[in-house]
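In the block that follows, a single chain appears as structure tokens, in the form predicted alone.
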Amino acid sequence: MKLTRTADLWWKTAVVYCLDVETFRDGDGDGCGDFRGLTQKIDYLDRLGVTCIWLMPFYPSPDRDDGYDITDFYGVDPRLGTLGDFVEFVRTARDRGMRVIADLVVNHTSDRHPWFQDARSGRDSRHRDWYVWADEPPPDGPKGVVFPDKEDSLWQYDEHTGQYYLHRFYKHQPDLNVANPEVRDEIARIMGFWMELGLSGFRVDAVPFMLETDGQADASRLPDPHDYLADLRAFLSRRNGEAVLLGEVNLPYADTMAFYGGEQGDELTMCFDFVGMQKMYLALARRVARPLAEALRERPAPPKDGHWATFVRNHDELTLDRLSDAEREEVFQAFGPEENMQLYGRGLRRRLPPMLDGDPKRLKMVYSLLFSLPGTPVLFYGEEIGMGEDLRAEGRLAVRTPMQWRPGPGAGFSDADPSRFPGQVVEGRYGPDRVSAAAQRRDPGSLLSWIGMLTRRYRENPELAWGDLDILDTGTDQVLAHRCSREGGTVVALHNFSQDPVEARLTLDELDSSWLLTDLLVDGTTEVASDGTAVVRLDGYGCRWLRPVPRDQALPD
């Protein structure tokens, strides 16, 4: 079997790994993670099967929002190293065949950024129109406070100039005015700068907020925001035809499709599948596959060379805002019944292992699902070893704890006094004495070994990334069965969401008894009847990947 592949569509078969430099590995012993420490761990990521590293913000920042409040888009925070350290990291990653992308956070700046300091110095200042100002908060302006526990308005009064400035996030993060051509040109320069230093693209933060122009003066005469996104994509492609824009667009499927650029597909390259992720948690809570199956049936195919990015956990709260109130409450009761486990009334600040009570079979089933669904799998650092959260930390920082490399007080993250760490190391059942990369590296039954095997199988079976998706009827609500097919090749994946063993009955019309279904995750085969039916047995929380193979070509037992 041969599948057509295009070199510049590398993201279609990528394995993306998101990390925060300051919490990954300390290379100079000061207690803070840095690029030197990250570079030392490149081989670990290579062995895991990572092909793309996604960096959370590493720019200079007062760090009031974990680095998303930026004071210089052209630098590296001194705590994390230098531009030279950054370039050496990118070079080392590329030497191992890994690309690097980074967060593009250009919907706002820190209020300490020189641009904003100049903007608030007077109404005639050079950068005044780089931000959004109003004499009074406009009644037709943007609605909805992103962080209701911290802010009660999207507008903040500036006493020096006597106007309000817009901030969709925290008041110390004033929004940039992306309708201003000078701001657009500056954003392009920022992108071009980092691409010259080796980046292969960007994860674009909060895309809908960045493009929203409601309530701005003369909004009706402003350029179409989607034209701007298309301009960014065109600029990116001119600089590097292989570069990618991965967008954070948490909207219903129909609304998300607009951010790909419609049929032209000339805006975002990839979008996160927030709907599918949330329906997966509802399915896990109910222990039936139906909610996820329904979402996958409704999920549109991206245009042209676009792709979905699939994930189990990201670096923010585990948002459940696309579920109904009743559905969200089901997930809360199953996985976060205590108030301090929830955030903003719409999500959870927990990692998956504690939510599943550390059940290894259930955990492995979920990650098998991640790597078998059409789309690009995205891992958040520590997922591969089953790290837990620290509910002592504030808000979303609960899941941004130091990486657990080995047992001991510093978890192998740093040899410095833990009081100097950017956050506390997780304690108890999910602490480093029980959960660490070192302990799992040589254990063939560990979660780390399992995910390493999944990355290999995923890349060995390109139908999973390139193929057309079909949801198959199994005769049981507990099992999700889907197939990915392309150019004559087919992979069928089955996942049991219940704790009880089940038999799933498949009908594959193009097959007959001259075929066998061969297992891709373990050794084994399943018979196919003359009418194309097959009975597949699954243990509780079991998972199987199957490829049809002519009987006379199957390997002997």
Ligand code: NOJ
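Start at 1 and count along the sequence shown; that's the residue number. Just so you know, these numbers come straight off a predicted model, no measurement behind them.
Heads up, the form predicted together with the ligand isn't pictured, but that's what we're talking about next.
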query	finding
Segment assignment from 464 to 472, 450 to 458, 396 to 404, 327 to 335: heavy atom within 4.5 Å of the ligand in the predicted bound form	396 to 404
Contact test in the predicted bound form: Val244 vs the ligand, heavy atoms, 4.5 Å	no
Tyr59 within 4.5 Å of the ligand in the predicted bound form, heavy atoms	no
Close approach of Met355 to the ligand in the predicted bound form, 4.5 Å, heavy atom	no
Distance check, Tyr68 to the ligand in the predicted bound form, heavy atom within 4.5 Å	yes
Arg203, His307, His113, Arg351 - the one with a heavy atom within 4.5 Å of the ligand in the predicted bound form	Arg203
Interface residue in the predicted bound form among Phe169, Phe311, Tyr430, Phe73, criterion: non-hydrogen atom within 4.5 angstroms of the ligand	Phe169
Contacts with the ligand in the predicted bound form, stretch 133 to 168 (heavy atom within 4.5 Å)	Phe147
